[in-house]
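The chain below stands alone and is given in structure tokens; this is the form predicted on its own.
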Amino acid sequence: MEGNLVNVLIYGLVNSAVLMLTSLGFSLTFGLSGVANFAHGGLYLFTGYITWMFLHYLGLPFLPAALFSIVIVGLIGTVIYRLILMPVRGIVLSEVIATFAVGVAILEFFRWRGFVTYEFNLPSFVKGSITIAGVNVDYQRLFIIAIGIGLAVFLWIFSHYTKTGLALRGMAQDEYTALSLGIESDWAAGLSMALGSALAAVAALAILPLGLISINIGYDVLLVALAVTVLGGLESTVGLMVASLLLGYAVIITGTYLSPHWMEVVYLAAIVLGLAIKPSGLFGKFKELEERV
């Protein structure tokens, strides 16, 4: 019993960091531009496959392959905005449908090309593990915790204390006022798409070495990002961190004491209950429905 508790405490923290890192790009794009990028899961998986191809087809070392992948995926985010989102900008349902269609197209393209075997995986940053309170934790998971916390702090500082970050937040909160101050909306949205896509790439490079690269991961990543951002608040970095902790531990407790089959239900329950009880999220600042009527 004591061993299970220590395991839950340690791996709950690791899982929370995984969820936060997975959701950062999705939350950032929406928080800075108001665009819900439902291609997030497709871009995440795209990063894994092109990095694998850089490593195995071109023979690149991991670091250059990873950097190239981050830049390419960031540029793809900008292209998605320019070619697909700009014509439907401001029509929320059309934005969701368009980005979701792009994400599904990416995932199913790789399925069509036969990227469905067990040979696809990425190397760990550093091999090995450490024992903490009798629980074995590999170094890759410790890197995930460090990267997740570091990026969350960096993005909070960027969005609150830099001119570019404040301009992007202003555009998301009140587009017309921001336009009157000379902030160009398409520039802001394109930049936020690039940053969010690049963060999805960073998350993929850190998390995918924990297992195999699978098509279904892309759909799972989108579900996780939705659950975390809906629960925490779509525009709140603090809410993202708190929601990641709550869901991270809830999933581990469910898998440990109930059954792993119920772990997916936790994310779905978070989305449904979050939208039903507090649509703006735990730390969200958007007005509730009754306040808007």
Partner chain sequence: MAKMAYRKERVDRGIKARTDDIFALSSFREILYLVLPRLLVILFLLPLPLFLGTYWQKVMLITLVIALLALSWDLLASVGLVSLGQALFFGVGGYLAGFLSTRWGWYPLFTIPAATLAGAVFCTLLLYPALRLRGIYFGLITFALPLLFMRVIEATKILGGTEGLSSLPPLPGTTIELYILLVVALGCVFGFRRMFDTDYGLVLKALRDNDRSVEAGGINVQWYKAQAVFLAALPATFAGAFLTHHYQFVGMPAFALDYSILPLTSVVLGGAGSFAGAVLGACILVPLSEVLRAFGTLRVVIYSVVLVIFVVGLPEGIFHYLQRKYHQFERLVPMEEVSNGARAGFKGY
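Positions refer to the first chain, counted from 1. For clarity, every value in this text was computed on a predicted model and none was experimentally measured.
What comes next is about the form predicted together with its partner chain, which is not displayed.
Stretch 92-100 is the answer when you ask which of 119-127, 92-100, 136-144, 71-79 has residues with heavy atoms within 4.5 Å of its partner chain in the model of the complex. Note on contacts: among 268, 58, 238, 63, the single residue with a heavy atom within 4.5 Å of its partner chain in the model of the complex is 268. In the model of the complex, residue 84 approaches its partner chain with a heavy atom inside 4.5 Å. The closest non-hydrogen atom of residue 104 lies within 4.5 Å of its partner chain in the model of the complex. When its partner chain is considered in the model of the complex, residue 257 lies well away from it, no heavy atom lying within 4.5 Å. Mapping the unseen interface onto this chain, residue 9 falls outside it, with no heavy atom inside 4.5 Å of its partner chain in the model of the complex. Residues 261, 262, 264, 265, 268, 269, 271, 272, 275, 276, 277, 279 of 258-279 are found to place at least one heavy atom within 4.5 Å of its partner chain in the model of the complex.
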